[in-house]
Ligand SMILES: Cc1cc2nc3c(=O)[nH]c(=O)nc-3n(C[C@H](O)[C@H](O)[C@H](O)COP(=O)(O)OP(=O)(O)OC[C@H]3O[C@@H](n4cnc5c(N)ncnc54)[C@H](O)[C@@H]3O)c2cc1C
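One chain comes next, on its own, written out as structure tokens in the form predicted alone.
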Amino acid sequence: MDFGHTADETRFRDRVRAVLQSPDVVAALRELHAAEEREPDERGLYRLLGEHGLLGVDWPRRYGGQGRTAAHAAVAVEEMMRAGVPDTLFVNGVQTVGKLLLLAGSEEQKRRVLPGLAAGRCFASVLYTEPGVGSDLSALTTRAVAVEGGHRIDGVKVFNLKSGITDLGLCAARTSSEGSRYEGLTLFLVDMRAPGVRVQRLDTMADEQFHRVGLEGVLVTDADVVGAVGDGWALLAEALPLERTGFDFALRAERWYEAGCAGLTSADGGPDGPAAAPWLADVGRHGAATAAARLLAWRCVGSVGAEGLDELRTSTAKWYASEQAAAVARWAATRHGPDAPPELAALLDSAYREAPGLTLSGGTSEMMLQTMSGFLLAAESADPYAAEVE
């Protein structure tokens, strides 16, 4: 596979970098990073990015996008994260909810929601996980009962990021108990300010806090059903690979690897004498693994539009990139210890606290390994001589 960029993609990367170095974006980033709050509100920054066309890069223009390719969108994400843009609002809202609406939403939903997401005027989060259920979406208990003109939703969702500042929630609820546990699930768009929606913050070690979202008699209309009633599991199966390309984790690994290497090179880029020697093996090992994580993510991006995102590739990319990001965060913190300069120490402290959650969010590593083994064993059973581990 060719991991190089076309001339147009290279020009687009230059344009994105220029936008991120513009005075308004630089000022917004500086203000965000100087904020004293543990989790400052980044919606103002996102409005600027939306005005510059960096959010819905690969969406059709009629829905507020730029009409470019998935590779252009990935270039924008790379440069935004490298510039220090927090990515959770993007991953949850644009990459997950927005892409699912493009895939399965009605024309009315696309025209109602997508332009706001692309412009940074509207924000969305995901309401999947429940207490005692974890990542097993087939065990969801939140119920949606049909009423005149729509559904009434009751249940509790947990471990949701950014739900305190988002406008919409993509909620998975059970509309029928008949059939197997994979049947009877439906996806809804929920107004996060509707009567009956109660958002509470759950403290965590990481800078970004989880939320508990209580849904008590929340009314949604028929226009808020995403796809068809009862088709939730099939839509989730198609949508989950969209958030598992591993891109966000690979870019975290890249940033933390660079922090871990701080002070190891001299002005000419060479090893900085005997003090660097004990770390050189780790530098090489983590450098190669971090580069591999990025290439696995780009392989997923490269399959969009050709073979489409397949679950084996995305599960592999997510598992590898999240495990590598966690590993490099621990290594970087260990290498510098408590005597790191204040700015570097703050970055490493934040990374060390965030790292354990990376192998859980978006599907645990155990789930990714189970998915990968299922695909590989199925391939081997189908043709034991042709089975191939990529």
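This structure is a prediction, so every number in the text was calculated from the model and none was measured. All residue numbers are counted from 1 along the displayed sequence.
A second form of this protein, the form predicted in complex with this ligand, is not displayed here; the remarks below concern that form.
- Screening 153 to 161, 181 to 189, 110 to 118, 290 to 298 for residues having heavy atoms within 4.5 Å of this ligand in the model of the complex returns a single hit, 153 to 161.
- Checked against this ligand in the model of the complex, the residues Pro60, Gly357, Pro40, Gly53 give one hit for a heavy atom within 4.5 Å, which is Gly357.
- For the candidate set Tyr128, Tyr257, Tyr320, Trp233, a heavy atom within 4.5 Å of this ligand in the model of the complex is found for exactly one residue, namely Tyr128.
- For the marked spot (Gln21, Met81 and Gly84), a heavy atom within 4.5 Å of this ligand in the model of the complex is absent from each of the three residues.
- In the model of the complex, none of the heavy atoms of Asp14 sits within 4.5 Å of a heavy atom of this ligand.
- When contacts are judged by a 4.5 Å heavy atom cut-off, Thr364 counts as touching this ligand in the model of the complex.
- In the model of the complex, this ligand lies within 4.5 Å of some heavy atom of Gly134.
- By the criterion of a heavy atom within 4.5 Å, Thr175 is excluded from the residues contacting this ligand in the model of the complex.
- Within 4.5 angstroms of this ligand in the model of the complex, the stretch 219 to 233 places no non-hydrogen atom at all.
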